[in-house]
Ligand SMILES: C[S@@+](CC[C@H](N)C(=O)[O-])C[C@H]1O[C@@H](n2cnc3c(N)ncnc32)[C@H](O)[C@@H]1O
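First, one chain by itself in structure tokens, the form predicted alone.
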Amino acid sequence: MELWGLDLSTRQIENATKFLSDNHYKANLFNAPMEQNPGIPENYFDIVYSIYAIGWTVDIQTTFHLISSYLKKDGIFIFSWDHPFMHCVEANKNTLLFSGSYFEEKPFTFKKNVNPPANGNHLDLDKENGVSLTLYHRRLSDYINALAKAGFAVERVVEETDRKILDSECEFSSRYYSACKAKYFPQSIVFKAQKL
């Protein structure tokens, strides 16, 4: 089995290299944006997966075309990201309200303050002022249509909330990810697609 990886963050590549080395794995890791091929072989892989990274792409179509090029015919691509409803709903005074449009396509920028954890694994950010991050609103159809255009057939879309959360009592929270929101709509979405 071979393991290959790609990340824009130098720190994440360093963390992955150390973790894999400590656990006696070898990997080919690239520090590069996902919208460019830094030397990854084409028609080579059986599976590509991405856990909470695809949403950061500035060009979803180029990214999906590249991922398709890396996969063998019938290869599988699995990825997860925030559910498209997440940017539309806001917690306010013990109520969940639609505060944005699901159809909004413009990118949005927000400032994130990051306090590094005690273990020292953190992004290199300005701790005093935070960092500006830009994301793109994407609808469910944006993902599915971009996958189809890149030569994928969507096999499955998962947008479920864990049964334990649905059955539990929870206090209202205004946090971006919260159990009270998860009782009303999924906070994550997972896609499984096959290269045709």
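A residue's number is simply how far along the shown sequence it sits, counting from 1. Treat the numbers as computed from the prediction; the structure is a model and nothing was measured.
Omitted from view is the form predicted in complex with the ligand, to which the following refers.
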For the interface check, one of 8-16, 21-29, 168-176, 181-189 should have non-hydrogen atoms within 4.5 Å of the ligand in the predicted complex; which one? 8-16
Taking the ligand in the predicted complex as the reference, which of A53, V48, A146, L66 has a non-hydrogen atom within 4.5 Å? A53
Indicate whether D162 is a 4.5 Å heavy atom neighbour of the ligand in the predicted complex. no
Even though the partner isn't displayed, in the predicted complex is D142 close enough to the ligand, meaning a heavy atom within 4.5 Å? no
Consider P38 of the chain shown here, and say whether it contacts the ligand in the predicted complex, taking contact as heavy atoms within 4.5 Å. no
Heavy atom within 4.5 Å of the ligand in the predicted complex - qualifying residues of 133-147: none
